[in-house]
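Read the single chain below, which is given as structure tokens and is the form predicted on its own.
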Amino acid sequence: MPLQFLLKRRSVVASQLQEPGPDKTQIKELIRAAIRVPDHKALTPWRFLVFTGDARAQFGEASADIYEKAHKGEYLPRHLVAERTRFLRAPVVIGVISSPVESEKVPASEQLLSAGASCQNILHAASALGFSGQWITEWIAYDPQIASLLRLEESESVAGFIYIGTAVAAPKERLRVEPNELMSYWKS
């Protein structure tokens, strides 16, 4: 992968993604890339939930119900619309689930970082396939009722939801910090 590919990487806001999205074969390739991350002791501390087609709207209805009950009428109607259409913002949404494995040698925090690396690899792979994406968490990544809806185990958590599709327009570049402002060389 040429370095310029990484130096120009940009997320595209989920609401700016449209069809086409990756097909089943391409989704499998995205997952193949997602599992090619550092994984100390080969624990495979992640798994993936793929939302396509009607499943996106079904999840939206269920999450809107949870949102509505949690907010007991203290919300605007547009908030429920936003919840119902949350996963409809992109043709494909991949939930990356951090699924730590009991290990004396590999702390759960390192396994969570591996799940995060999986999120980033999905974004890179989507770009390599000609798609755009955005890594998002939002409240649904942290809500216990959503965790139940997603059938997460007690030890599991959402590392991110990766929205993937075709960009409506090329993303604008944003200001970046210069590397020298963030780095130093250690010396004793």
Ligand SMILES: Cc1cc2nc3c(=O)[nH]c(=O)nc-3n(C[C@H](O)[C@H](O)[C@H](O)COP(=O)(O)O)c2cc1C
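Residue numbers here begin at 1 and follow the sequence given. Being a predicted model, the structure only gives us computed values, none of them experimental.
The form predicted in complex with the named molecule exists for this protein as well; it is not shown, and the discussion that follows is about that form.
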Review point. Which one of 146, 33, 50, 136 is close to the named molecule in the predicted complex, taking close to mean a heavy atom within 4.5 Å?
Key: 136
Point to revise | 4.5 angstroms heavy atom contact with the named molecule in the predicted complex for residue 24 | key: no
Check your understanding: Can you check whether residue 166 is within 4.5 Å of the named molecule in the predicted complex, heavy atom basis?
Key -> no
Exercise for review: Using the partner position in the predicted complex, report whether residue 11 sits within 4.5 Å of the named molecule, counting heavy atoms only.
Suggested key: yes
Practice item. Have a look at 38-46, 128-136, 56-64, 24-32 and name the one stretch with heavy atoms inside 4.5 Å of the named molecule in the predicted complex. Key: 128-136
